[in-house]
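One chain is shown next in structure tokens, namely the form predicted on its own.
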């Protein structure tokens, strides 16, 4: 599971997180939605152990991601908003490198390369991949270690509608297997009846929880809802990284 309590984070004088607090449970897909600058990506980077907050705490499977970063990272896999890879390496070389890094069996490599539809791109250098295919490579890497906690930052932006549907189906399957899945997205409506929970982030904290079976078409509709409605008191892009 994921437990976030009163996180604050600033970049210089820009205070981005202002007491971010929420939980995400196993067997569920939790959405973190909100406008640009709301603090979603910064929260994900804290949870992935890529940056440190000034205050507050964050736990991955009850392990403190700040004080016990390496131990916590062994329980997670992270897909950033814009994954990047060595341009001269092929899809197969990238996947096999991370498979060795995480001590993953060869059978797992075979499974994820087919799941991501990358068999025909195995020997293609990443510099020649389209944005959507590169994102599918990121998805394959996310699933490679079979980690209990999955963090995905805007995973559908480069995918066509068919692959966005396949992504959602895959994440629902992983949640049903017992994983904790946390996703940030701007494509709110597409997750209607897919996610189990949806948290609206504004000004660096969770403002309220939205009904995951009746998600609005866009953020303008969110603004029209009274601030206290559904309120719940819970509560620079790095290269692609599967860490731990």
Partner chain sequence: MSRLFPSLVEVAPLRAVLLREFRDALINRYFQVFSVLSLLGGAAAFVLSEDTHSIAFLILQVSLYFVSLFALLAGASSAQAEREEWQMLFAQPVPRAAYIIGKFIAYLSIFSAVLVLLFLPGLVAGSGAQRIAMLYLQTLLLAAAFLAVGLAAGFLAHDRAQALIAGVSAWLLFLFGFDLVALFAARWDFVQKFPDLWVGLLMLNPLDSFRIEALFALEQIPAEAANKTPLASWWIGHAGLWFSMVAAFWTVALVALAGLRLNRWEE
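Positions refer to the first chain, counted from 1. Here the structure is a predicted model, which is why all the values come from computation and not from measurement.
Another form, the form predicted together with its partner chain, is not on view; read the next lines as being about it.
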Legend entry - Site test, 143, 152 and 177 vs its partner chain in the model of the complex, non-hydrogen atom cutoff 4.5 Å: no
Inset, instruction - Can you check 83-91, 106-114, 169-177, 155-163 and let me know which stretch has heavy atoms within 4.5 Å of its partner chain in the model of the complex? - result: 83-91
Inset, instruction - Determine whether any heavy atom of residue 121 comes within 4.5 Å of a heavy atom of its partner chain in the model of the complex, and answer yes or no. - result: no
Inset, instruction - May I ask you to state whether residue 182 is within 4.5 Å of its partner chain in the model of the complex, using heavy atom distances? - result: no
Legend entry - Any non-hydrogen atom of residue 198 within 4.5 angstroms of its partner chain in the model of the complex: no
Legend entry - 4.5 Å heavy atom contact, residue 69 to its partner chain in the model of the complex: yes
Legend entry - Contact residue in the model of the complex, from 48, 60, 38, 206 (heavy atom within 4.5 Å of its partner chain): 48
Legend entry - Contacts with its partner chain in the model of the complex, stretch 92-120 (heavy atom within 4.5 Å): 93, 94, 97, 98, 100, 101, 102
